[in-house]
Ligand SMILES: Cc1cc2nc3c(=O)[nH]c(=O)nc-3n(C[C@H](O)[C@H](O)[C@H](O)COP(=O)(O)OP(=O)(O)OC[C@H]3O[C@@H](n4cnc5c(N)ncnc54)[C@H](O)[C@@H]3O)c2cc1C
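Before any questions on binding or motion, here is one chain by itself as structure tokens, the form predicted alone.
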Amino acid sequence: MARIGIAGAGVLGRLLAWQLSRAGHHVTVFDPASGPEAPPTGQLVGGAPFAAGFTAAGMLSPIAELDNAGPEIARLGWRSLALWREVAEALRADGCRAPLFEQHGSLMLAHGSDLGAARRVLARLDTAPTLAAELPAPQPLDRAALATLEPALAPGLHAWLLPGEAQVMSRDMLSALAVHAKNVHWCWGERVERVAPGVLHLMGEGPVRFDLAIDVRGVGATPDLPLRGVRGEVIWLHAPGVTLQRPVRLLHPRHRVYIVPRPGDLFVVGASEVESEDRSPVSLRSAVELMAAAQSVLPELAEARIVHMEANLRPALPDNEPHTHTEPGLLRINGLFRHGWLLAPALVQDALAALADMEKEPAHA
């Protein structure tokens, strides 16, 4: 079994640690955060070095992402849906009692003035026959069908049901992956400055050697990769009595606004997309725009209470596409942009398969 060092304890880092430790490897994870816990709710959070996966709502919507992403993102995302379900089932078998994964489909919504974005998503499916064959077709809903499916939504919206889409309970999943990763040594408060084949260079401590070094530091991987941080902001609302069964995505001219229901009468509303590496608390402009858009979809949110606002940075490469690099002793995965939860399991599966193939090559030489 290999000695593996992982730089970064976000979605990718924890998923890799959990999977590799289950395969019997000796895994050590380094991360600058103070511990594995989610940042606190009920207060403004800004500036803290915690994983972007904690901020994300965990919406798994490969079809709706065709609004701003290519078919390969949709394919990887669709494959990840089944993989996340398997991860959640394995964690539940290990004793995790928190809800981790729900799959009831999602809704894509548009006001009449914003139908162009919806038509763009539908057209991308129509013009990619192989993709249309792999993904379920969006189902248009008339006013009566929408009212039956989600009575609390505003009438007059254009709506499509996206079958099979899902959500991960991001905070609980990140916590569970850390708690149930057996025989993993977690080094919190340790920042990795540089990653090379078989070596993690720790700030203030020098190199630590492993059989395999894995770099999944997100925006922390600069300057090794030409990354930039893209600011995203979310708002948590408490709205007792407001019922929403599945996540909804509003195709909005400025933001890709989603509303994701959570246990305890909570709703996560997000997410802005700002070309800035500012980690300060949520801006007034974003808060007003996101909440106004959410109320336009779910009018009963007018009496919701704001319990938490949060900002974080998504790691993005110049082309906004994910990047995986493998060579003997080194694995890098980064640049997941706004698709961290959507893509992580499929990218991890492919990367580990590539490393396994690499190890087999000398035997065939």
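Just so you know, these numbers come straight off a predicted model, no measurement behind them. Counting begins at 1, following the sequence as shown.
Keep in mind that the form predicted in complex with this ligand is not shown, yet the notes after this line are about it.
Undergrad: Can residue 233 be called a contact residue for this ligand in the predicted complex at 4.5 Å between heavy atoms?
TA: Contact with this ligand, yes.
Undergrad: Mark residue 229 yes when one of its heavy atoms lies within 4.5 Å of a heavy atom of this ligand in the predicted complex, and no otherwise.
TA: Outside the cut-off, so no.
Undergrad: Check whether residue 177 has any heavy atom within 4.5 Å of a heavy atom of this ligand in the predicted complex, and answer yes or no.
TA: Because no heavy atom of residue 177 falls inside 4.5 Å of this ligand in the predicted complex, the answer is no.
Undergrad: Would residue 18 sit within 4.5 Å of this ligand in the predicted complex, counting heavy atoms only?
TA: No, residue 18 is distant from the partner.
Undergrad: Among 66, 57, 297, 304, which has any heavy atom within 4.5 Å of this ligand in the predicted complex?
TA: Answer to the contact question: 57.
Undergrad: Consider the chain as shown here, without its partner, and state which of 190, 102, 150, 172 has a heavy atom within 4.5 Å of this ligand in the predicted complex.
TA: Looking at 190, 102, 150, 172 one by one, just 190 meets the 4.5 Å heavy-atom criterion.
Undergrad: Within 4.5 Å of this ligand in the predicted complex, do we find a heavy atom from each of 5, 25 and 213?
TA: Spot residues vs this ligand: no contact at all.
Undergrad: Any idea which of 191-199, 204-212, 136-144, 72-80 reaches within 4.5 Å of this ligand in the predicted complex, heavy atoms considered?
TA: Heavy atoms within 4.5 Å of this ligand in the predicted complex occur in 191-199.
Undergrad: Using a 4.5 Å cut-off on heavy atoms, which residues of 192-229 contact this ligand in the predicted complex?
TA: The stretch 192-229, when checked against this ligand in the predicted complex, contributes 192, 216, 217, 218, 220 at the 4.5 Å heavy-atom cut-off.
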